[in-house]
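Consider the single chain below, provided in C-alpha cells and representing the form predicted on its own.
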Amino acid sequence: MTLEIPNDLAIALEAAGQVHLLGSWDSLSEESRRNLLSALRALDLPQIQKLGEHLRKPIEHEAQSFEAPMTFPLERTEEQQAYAQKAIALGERLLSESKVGFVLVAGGQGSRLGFDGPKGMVGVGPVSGLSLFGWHAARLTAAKQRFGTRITWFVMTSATNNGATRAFFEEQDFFGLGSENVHFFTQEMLPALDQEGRIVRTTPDELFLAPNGHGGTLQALRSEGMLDLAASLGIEQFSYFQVDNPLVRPADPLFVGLHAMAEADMSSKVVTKNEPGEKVGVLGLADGKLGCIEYSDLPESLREERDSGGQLRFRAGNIAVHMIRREFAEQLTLDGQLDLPWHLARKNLKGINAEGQVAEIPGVKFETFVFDALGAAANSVTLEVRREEEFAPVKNAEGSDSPASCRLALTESFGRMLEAAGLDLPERNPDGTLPLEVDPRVAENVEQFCETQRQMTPDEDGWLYR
C-alpha cells in the first residue's frame, strides 16, 4: 500500500506556511516518504510559526547604557576574605550533603579539531592523553573523595553525538562514577528557516536541523525529566560547565557558597580580559539588565576605559561557568517553554531550493544563550577567577584555544603546583610543555598540592607524580 500524507498533517502544514515540504512527495520512494513523514510529525508547528514571526520582527534597538558588574574580586579586603571563608564552609557543607548536581554541556562534535567523534573524546592530557570527558570525571571523582558527596552528573548530548558519547562512557566504565550516577539527556534540534520563514530541507526527505543553543540546556533538563530527577534526589543547585574547558572546577566550594549565601538564582565565573581588543563577551548591565555584552555591542570607548586602579572597567570575560538554582531553572521552563530570547544566526545554508536543486540558501538558525537567564535572576554573584588556573578551552584546531594551547596551560598549572611545593621542574618538551601531569584527584590547585606533598613520600628522584 502506497504511503500517503495524513490529511490533518497536510492541513496543519498549509496553515503554518510549510506546505512546500510536500512538494516532492510524489517522486519519493516509500523509504524516503517514511523518513519525511517521521520528520514532519516531530515538528512543533506552532513554535515554527512563532520563529517565523520573530524572523520578520524589526531588529531591536541597541542598548543605550552599559555598566560594569559588581564582582567578588581576586584581590580581597580582610572583610572579603572573612566572607570568602564563610562561603567556603557553606559550599563544602552543601557539597557534602549532595545538594549540588553537575551539568555538563557536551553536544558538540570534534570536526573543527580534525577529530571524528564527540569533542569530549578529544585527548588533552599532556602525559596521559586523558580525554576532556576524562578530566571532568576526574574532577568530579575528586569532589566525591574530598567532600563525601554523591556525584549526580547530567551530561547533555546532541542528536549527532548522543550514541557515540554513551558508548564512550560505557567503554570507560563511566570513569568509576557508576552508570546509575550519570544521566544523559539530549538537546533539542530546531529547523532552520529561509528568509520567508519556510523550513529548509537538506534533501527531499530531510529537514535542516540545528541545535537550539546552550540556553536549550535548561529546556532539555525539563523535557528529558532531569529537573524532576534532581528534585527527587534533593539537589538544590546545578553546577553548569562546558565540555571544552578541562581546567574548570565544577565542585568549587567558594563559588557554591557565594552563590548560596547571596540566595542567587544564577551566578557566574569570569576572567579578566587580556587586553581591550580581546574579542570576548563580558558580563555587565545593558540598560540596567545583567547579561553578557558581546564584544561588538560594547562601544570602543568603553572597551578601553579603565577604573581608578588602572584595570579595564569592562573586564569580566565570560567563561560559561555558572551556578543555577534548580527552582530557577524550573521557573524558566514552565509549560515546557523556555523563557529566553531568541538569537538569529543568519548565514547561507546548503539545502534544496524551490526548484528542487541543491543550492546555497540565505537562511536563519535560531539559538538561545544560557547567559540570557542572568537578566531574569533576582540575585546573582560574579566571581573573578584566574584565567591560568580555570580557563583553557579547546575550540580551534591550531593556535589559541586549541588542544596544543590547552595542554600548555595544563602543564603550566601543574608546574606552579610543583614550584610552590619546592620541587624542581623537568626540562620542557620541544613544544614548550612540561612533561608532567597532576591528577585532579591528587590536587586541583597549589594549596591542595602542597598539602598532599607534605603527606606523601617522593620517589628516589624527588617526584610525587609524573
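Heads up, when I say rigid core I mean the largest set of C-alphas that superpose within 1.5 Å between the two forms. All residue numbers refer to positions in the sequence shown, first residue = 1. This one's a predicted model, so the numbers in the text were calculated from it and none came from an experiment.
One more form of this protein exists, namely the form predicted together with a small molecule; it is left out here, but the text below deals with it.
Asker: Does every residue of 386, 407 and 413 put a non-hydrogen atom within 4.5 angstroms of the small molecule in the predicted complex?
Answerer: The answer is no: none of the three residues contacts the partner (heavy atom, 4.5 Å cut-off).
Asker: May I ask you to choose, among 111, 195, 274, 202, the residue with a heavy atom within 4.5 Å of the small molecule in the predicted complex?
Answerer: So the residue touching the small molecule in the predicted complex, by this definition, is 111.
Asker: Of the options 242, 165, 268, 237, which one has a non-hydrogen atom that comes within 4.5 Å of the small molecule in the predicted complex?
Answerer: Of the listed residues, the single hit is 242.
Asker: Want to guess which of 98-106, 324-332, 69-77, 374-382 is within 4.5 Å of the small molecule in the predicted complex, heavy atoms only?
Answerer: Selected stretch: 98-106.
Asker: Answer with yes or no whether residue 91 is in contact with the small molecule in the predicted complex, where contact means some heavy atom within 4.5 Å.
Answerer: No, residue 91 stays farther than 4.5 Å from the small molecule in the predicted complex.
Asker: Please run the contact check for residue 284 against the small molecule in the predicted complex: heavy atoms, 4.5 angstroms, yes or no?
Answerer: Residue 284: no, not in contact with the small molecule in the predicted complex.
Asker: Spell out, yes or no, whether the shortest heavy atom distance between residue 343 and the small molecule in the predicted complex is within 4.5 Å.
Answerer: No.
Asker: I'd like to know whether residue 137 contacts the small molecule in the predicted complex, with contact meaning heavy atoms within 4.5 angstroms.
Answerer: Because no heavy atom of residue 137 falls inside 4.5 Å of the small molecule in the predicted complex, the answer is no.
Asker: Superposed on the rigid core, does the Cα of residue 250 end up 2 angstroms or more away between this form and the one not shown?
Answerer: After core superposition, the C-alpha of residue 250 moves less than 2 Å between this form and the one not shown.
Asker: Once the core is aligned, does residue 215 move its Cα by at least 2 Å between this form and the one not shown?
Answerer: For residue 215, whose C-alpha is compared between this form and the one not shown after core superposition, the shift is less than 2 Å.
Asker: Would you say residue 320 moves its Cα by 2 Å or more between this form and the one not shown, aligning on the core?
Answerer: The answer is no; the displacement is under 2 Å.
Asker: Given that the distance between the C-alpha atoms of residue 109 and residue 128 changes by 3 Å or more in the predicted complex, do they end up closer or farther than here?
Answerer: They are farther apart; the C-alpha distance rises by 3 Å or more in the predicted complex.
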